[in-house]
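Listed next as structure tokens is one chain, alone, in the form predicted alone.
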């Protein structure tokens, strides 16, 4: 892609110069164990919010607000537990400039040294040989959140005018369901966020480890459970085996009808809802760097269902999948226990894609599963229900924000980024798009091997610093688009 290159070298040089300060800022953030799922650590999550407020204040942000979201709904141990606040702030208010909202989260997943970490998870470890920063939250999502602040610091120290008006929205419950965020976005769509023209989220990752990507689609997720109830209590199979209808047998029979061994969903009507593959979309897969070997390495086994890059990526990103996750109420410990469980609950999910309608999918699932159970002629009680759903999201990878991000990526990394979708879900993406009526860009900082929810989570220094350059460059190109 040919384009008119902007003179951003002074900005990039300043970001390089400020690298020690940026690493120090991240080290301070990682040291705050802002684990949203641990009620005992809620004060630390709030402390992280105040840390961000202090940083925003020192950088010259205005209208900084800590928006309280009230009491956390059940299930909770502490009935008066407050949700962490949303951090809002503005940088610039020039009506002649575009306004970009950046979203990120300041809470993290749980982490303990005894989980298998090589170093203390909440004490940043800089491996100076490999130039890698280890610590919980380094890549998910404290590094990217601070990346935006680093960009502002670089502009201020350069004396450069900022290319856009920036609005920040940082939440503290992303790892625990983003409770309260949807309502706040809807409430502020015509108020705090009223002039926003574009939303950028940096909370995802490169597909691999060497090539930058821009992400234009996410699958949704409908999560279901099947409940089978029989006897009034767990029974001994030596006394009751063969003379009563066993719930586990019924459940396994029904679960086995949902998907075949090659991953094909067996529920009629789902395939017909999938958006057809266009030639333009198909071509986006041609230049993407990925291989069966990378899939096997990520899975830790040679069990791939597809033998070529395009089929693997299409089935990860643009086709639905059905996964069976577990059975509640069944014996699952070590040893041999001859119990007949009285009640079992099977759990499965369907990853949704364009143009699968959630409500229509539910009806297809209910009908198919109820028919399967009916065919068993079992006297047991049976029910299937939806636990939660989140819609898919897809954007136009050829729009102005994606093209601006592509130019910035080429400036920094000297390569045209891959345009990717992701198999997972980031529900807030769709909320921003629908409530604000603007397009959303997913602009990742980290690599595919960062281990966001795993042990030894890391962020390569090159990704952190070049990521800051990419974020800054993107704002310049978008501001001129």
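Positions refer to the first chain, counted from 1. Note that this is a predicted model, so its numbers are computed, not measured. In this text, rigid core is short for the largest set of C-alphas that superpose within 1.5 Å between two forms.
Absent from the display: the form predicted in complex with a further copy of the same chain. The rest refers to it.
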Sort through 194, 325, 123, 271 and report the residue having a heavy atom within 4.5 Å of a further copy of the same chain in the predicted bound form. 325
Let me know the one among 73, 116, 177, 238 whose heavy atoms come within 4.5 Å of a further copy of the same chain in the predicted bound form, would you? 238
Considering only heavy atoms, tell me if residue 427 and a further copy of the same chain come within 4.5 Å of each other in the predicted bound form. no
Given that the partner is absent here, does residue 231 sit within 4.5 Å of a further copy of the same chain in the predicted bound form, heavy atoms only? yes
Given that a further copy of the same chain is not shown alongside this chain, does residue 341 nevertheless sit within 4.5 Å of it in the predicted bound form, heavy atom to heavy atom? yes
Is there any non-hydrogen atom of residue 321 lying within 4.5 Å of a further copy of the same chain in the predicted bound form? yes
If contact means a heavy atom within 4.5 Å, which one of 248-256, 92-100, 147-155, 279-287 is the stretch that engages a further copy of the same chain in the predicted bound form? 248-256
Does anything in 340-356 come within 4.5 Å of a further copy of the same chain in the predicted bound form by heavy atoms, and if so which residues, in order? 340, 341, 347, 349, 351
Rigid core fit then residue 240 CA moved by 2 Å or more between the shown form and the other one: yes
